[in-house]
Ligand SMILES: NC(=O)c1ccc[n+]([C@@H]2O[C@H](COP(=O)([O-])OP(=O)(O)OC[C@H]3O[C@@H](n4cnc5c(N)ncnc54)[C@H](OP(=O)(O)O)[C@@H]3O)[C@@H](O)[C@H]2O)c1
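The form predicted alone is given below as one chain in structure tokens.
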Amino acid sequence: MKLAVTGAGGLLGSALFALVKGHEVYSLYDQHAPTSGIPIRLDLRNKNQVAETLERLEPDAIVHTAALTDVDRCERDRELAKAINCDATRAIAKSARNLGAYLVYVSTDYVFDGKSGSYNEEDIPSPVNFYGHTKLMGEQAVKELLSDYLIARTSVIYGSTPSSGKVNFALWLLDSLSAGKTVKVAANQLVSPTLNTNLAEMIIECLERRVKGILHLSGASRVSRLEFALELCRIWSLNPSLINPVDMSKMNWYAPRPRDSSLDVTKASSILVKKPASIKDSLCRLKEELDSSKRG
């Protein structure tokens, strides 16, 4: 299979390249060059360049992981958020339709309002911030233009290496707590934290089986950010008293966040060989990956 991956230098893109085997893979990136695959520079805001690049490569499948995921920046710079998260997704979907390519669009739990939590694939999205709104518009473009697609919703991706110039939630906690710094963590925001390598394995299986429709591909555990931090402390034997639990309303976020955007992964767990992993199993795997990278 000839595969094109956007956001190749990101947290998910880098994990996909590390795990995918037996396929010709093109790494599409903007600012942060990937270390694997065949790298190709691509500005997602340039719709003509998007179309020309994909139609030149003629991939059998496209995994669209690239997005502006800074929730507060999306709220402040709505034009940029729409250009990257919505308009670029529409351009990629159009090219996929012209090529007859299968598209995996990586979406987010933030398409939901957070009033109930444990959302399944049939629940109606209702985002509370502009980031979620743009990602939902991306979903709508994919559904409108294609029949051969997978919308893969996920939640709070983390992993063993900083990617695209950003430190993810788990690494930020590890770096801060290991240095003896206190951290402020939301006690009442519930999510489904997702290890990037677990997510990559599930997406690769979906690619190879050409799973269609909408599928929630997140971690299997519904936890608060505080519970995540405490479990991380337990596995790494760090000091939990350094964690300062606060109400999410005190987090000084610019954009509103859903209170409980956790995802129900029953469907994925029933149809995939590579299952959504629990928080304990995921953090233990993260520790193994970090230990292995230090040894290497």
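Position 1 is the first residue in the sequence shown; the rest follow in order. This is a predicted model, so every value here is computed, not measured.
Here the subject shifts to the form predicted together with the ligand, a form of this protein not shown in this document.
For the chain shown here without its partner, which stretch in 27-35, 51-59, 233-241, 248-256 has non-hydrogen atoms within 4.5 angstroms of the ligand in the predicted complex?
That would be 27-35.
Taking the ligand in the predicted complex, would Ala8, Val106 and Asp109 all count as contacting it (heavy atom within 4.5 Å)?
The answer is yes; Ala8, Val106 and Asp109 each reach the ligand.
In the predicted complex, is there a heavy atom of the ligand that lies within 4.5 Å of any heavy atom of Tyr131, even though the partner is absent here?
So Tyr131 counts as contacting the ligand.
4.5 angstroms heavy atom contact with the ligand in the predicted complex for Ala268:
Result no; Ala268 lies far from the ligand in the predicted complex.
Taking heavy atoms and a 4.5 Å cut-off, does Leu42 contact the ligand in the predicted complex?
So Leu42 counts as contacting the ligand.
4.5 Å heavy atom contact, Ala66 and the ligand in the predicted complex
Yes, Ala66 is a contact residue.
Scan Ile157, Leu207, Ala96, Leu173 and let me know which has any heavy atom within 4.5 Å of the ligand in the predicted complex.
The option sitting close enough to the partner is Ile157.
Find the only residue in Ile84, Leu190, Val142, Ala220 having a heavy atom within 4.5 Å of the ligand in the predicted complex.
Of the candidates Ile84, Leu190, Val142, Ala220, Ile84 is the one lying within 4.5 Å of the ligand in the predicted complex.
Give, in sequence order, every residue of 249-288 that has a heavy atom within 4.5 Å of the ligand in the predicted complex, or say none if there are no such residues.
Nothing in the stretch sits within 4.5 Å of the partner.
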